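First, one chain by itself: the form predicted alone, in structure tokens.
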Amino acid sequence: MIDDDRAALAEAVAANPACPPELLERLGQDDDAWVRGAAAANPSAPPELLERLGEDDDDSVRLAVVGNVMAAPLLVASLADDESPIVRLAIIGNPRVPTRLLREWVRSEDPDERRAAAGNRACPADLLRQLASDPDRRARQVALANPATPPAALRPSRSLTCNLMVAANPRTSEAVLRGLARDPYVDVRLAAGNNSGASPTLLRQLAADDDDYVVAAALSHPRCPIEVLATASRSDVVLLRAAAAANAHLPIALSIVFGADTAPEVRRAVASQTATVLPALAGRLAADAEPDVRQALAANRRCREPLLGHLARDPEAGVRFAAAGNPNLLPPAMRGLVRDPSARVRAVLARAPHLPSDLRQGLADDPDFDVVASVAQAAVEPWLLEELLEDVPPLS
């Protein structure tokens, strides 16, 4: 094993939440900053380890501590005056930072600090209203994109980029969205069509847009009216039929229609459906001549045994790859993939959380390093993680 591989393996183990505390403490003292950073980002890292790594000489390690969801708020706040601007900006954007500090940063003369505060989802509403009118355009954009910004501050302006943020924000009012849905810029209308808060009325309006991509956004939206989806099933444009076929609330009758579509893009969209994949329809899609369609079905969480086991034996590696990553795949089918000729398939199988221990142990001895690294990332057996590092030189 070359030195780079040793470091990568140690980094993967250090990032694994199942890494035992003693081993994690050891990896937190490694000479390689990437390994220490992985330990600092691990949600299972003990508080004492995080406090020590919060004083690490490497900026990236301290940055990882700030990003750790389990880091104590006091520890995060203690790094507010860090010498690294990257670390300081990460703290300003951290939702656990004290509000009193956010109020100071909003008054900062440094636009980067105001931008970071504008992106903080825990930023108080009064500060976000202020930032939505900040003299710095980038700070305004970030505030307008923040889902915590009050709807009253989400108004259209003369700035294209600011309007894009408002059109995409799920808290934007219906009245403002309707206006933006008529914006002369396609990207703004597209953002409105992708807005999770878009109403059926607004989507019906966008489904009549002159731009096919805007129409496709409306058709794929889960609130799109059924009659609009039915109309799209008769469209001559493949993009629009595929968008409608991908709708999460597609009725069964339309699923059947789209499942027999002549365009593989449309059948692939149906195969990806998590709302309704009928057994008879899934069986037909599993025998589709297009590998992309079979691959989409193999990745679908509605796909189960015995069909999933059948797809795990598909001649195309991409289909087997998707099946190996499906959480519904059962151990008997997994055993058939442990010796798959494709390293990509074996690597994704090694990351399956429900993989039997004996199979994961076998993959730990795989000749391909990426497979072994995948075992290190996902193994839930502490003894196996210890074994993986036996060949790694003692860590400082």
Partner chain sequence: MTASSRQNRFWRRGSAEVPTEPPPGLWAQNRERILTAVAGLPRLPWAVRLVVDEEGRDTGFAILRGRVPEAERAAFDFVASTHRLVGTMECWGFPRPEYSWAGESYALTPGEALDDRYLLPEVAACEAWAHGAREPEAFLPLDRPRFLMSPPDFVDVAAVREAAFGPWPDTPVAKRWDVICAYSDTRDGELEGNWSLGRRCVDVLARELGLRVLLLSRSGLPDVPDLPNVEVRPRLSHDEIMGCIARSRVTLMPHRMDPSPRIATESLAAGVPILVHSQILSGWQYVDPETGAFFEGAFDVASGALRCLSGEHRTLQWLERSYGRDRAAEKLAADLRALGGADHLRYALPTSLFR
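Positions refer to the first chain, counted from 1. None of these values were measured; they are calculated from a predicted model.
There is another form of the same protein, the form predicted together with the partner chain; it is not shown, and what comes next is about it.
Is it the case that residue 305, even though its partner is missing from this view, gets within 4.5 Å of the partner chain in the model of the complex, heavy atoms only? Contact check for residue 305: no, nothing within 4.5 Å of the partner chain in the model of the complex.
is_contact(residue 23, the partner chain) in the model of the complex, heavy atom dist at most 4.5 Å: Residue 23 lies outside the contact set for the partner chain.
Answer for residue 367 alone: is it within 4.5 Å of the partner chain in the model of the complex, judged on heavy atom distances? Yes.
Contact test in the model of the complex: residue 145 vs the partner chain, heavy atoms, 4.5 Å: Answer yes; at least one heavy atom of residue 145 falls within 4.5 Å of the partner chain in the model of the complex.
Looking at 206, 250, 191, 71, which has any heavy atom no more than 4.5 Å from the partner chain in the model of the complex? For this set of options, the contacting one is 191.
Contact residue in the model of the complex, from 137, 155, 103, 178 (heavy atom within 4.5 Å of the partner chain): So the residue touching the partner chain in the model of the complex, by this definition, is 137.
Select, from the options 116-124, 307-315, 226-234, 279-287, the stretch whose residues sit within 4.5 angstroms of the partner chain in the model of the complex by heavy atom distance. Of the options, only 116-124 has residues within 4.5 Å of the partner.
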